[in-house]
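Shown here is one chain on its own, the form predicted on its own, set out as structure tokens.
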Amino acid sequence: MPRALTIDEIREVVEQYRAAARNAIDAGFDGVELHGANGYLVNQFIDSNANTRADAYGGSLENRLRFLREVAQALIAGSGDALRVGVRLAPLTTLNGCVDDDPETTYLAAADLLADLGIGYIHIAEADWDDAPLMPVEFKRKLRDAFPGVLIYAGKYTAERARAAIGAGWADLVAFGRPFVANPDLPKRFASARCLRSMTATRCSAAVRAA
């Protein structure tokens, strides 16, 4: 049966994250991204309805964010540079039983915490299934205010939505996952589609080649 990690086991897991980051850098990676979303371990500590602990890692928001802080610090130590570390968060997804009673308060606090640590970026995974809750733009603007580093968003974005998000200033980058699976030339497709709407055929061909 599943059981809660002991405090000693939590410390062991944090050290495993540190070692993993060090191994990644030694192997030639530029950095590491912590998957703190989609119901994985870090997410289980963060979300109020998933975390039922009654010790220093549960209960209050500060306690629920403690594991995130310790793991992020371990990744910074292992990689040797806070800017080599990114963290993926999913404020509104409900995968694997991870649900928070007040996601805006919780994840703004998480963004503040990660800003204090100086990590390179936060990668926000928006809920992207049919009838998924929309992440309010006002929430995204508050995240922008809370975190001065790079903000990446992902989740059912089109090229048009991505350009609008970056233009509005609350996103610095937009990630595309599923569209790349069957379309390895996705950037060229985006560039071509944009050209067809706004350029002559000659200029469009030149832009696609440049992409």
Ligand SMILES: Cc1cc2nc3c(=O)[nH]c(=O)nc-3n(C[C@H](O)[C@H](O)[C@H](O)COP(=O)(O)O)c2cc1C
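Values in this document were obtained by computation on a predicted structure and should not be read as measured data. When you see a residue number, it is the position in the sequence shown, counting from 1.
Although it is not shown, the form predicted together with this ligand is what the next lines describe.
S.K.: Quick one: find which of 56-64, 165-173, 148-156, 23-31 has residues within 4.5 Å of this ligand in the model of the complex by heavy atom distance.
M.R.: In the other structure, the partner sits against 148-156.
S.K.: With heavy atoms only and a cut-off of 4.5 Å, decide whether residue 140 touches this ligand in the model of the complex.
M.R.: Residue 140: no contact with this ligand in the model of the complex.
S.K.: With heavy atoms only and a cut-off of 4.5 Å, decide whether residue 35 touches this ligand in the model of the complex.
M.R.: Answer yes; at least one heavy atom of residue 35 falls within 4.5 Å of this ligand in the model of the complex.
S.K.: Although this ligand is absent from this view, report whether residue 184 comes within 4.5 Å of it in the model of the complex, heavy atoms only.
M.R.: Answer no; every heavy atom of residue 184 is more than 4.5 Å from this ligand in the model of the complex.
S.K.: Examine residue 128 and determine whether its closest non-hydrogen atom to this ligand in the model of the complex is within 4.5 angstroms.
M.R.: Close contact exists here: in the model of the complex, residue 128 approaches this ligand to within 4.5 Å, heavy atoms only.
S.K.: Pick out the residues of 62-98 whose heavy atoms come within 4.5 Å of this ligand in the model of the complex.
M.R.: The stretch 62-98, when checked against this ligand in the model of the complex, contributes only 88 at the 4.5 Å heavy-atom cut-off.
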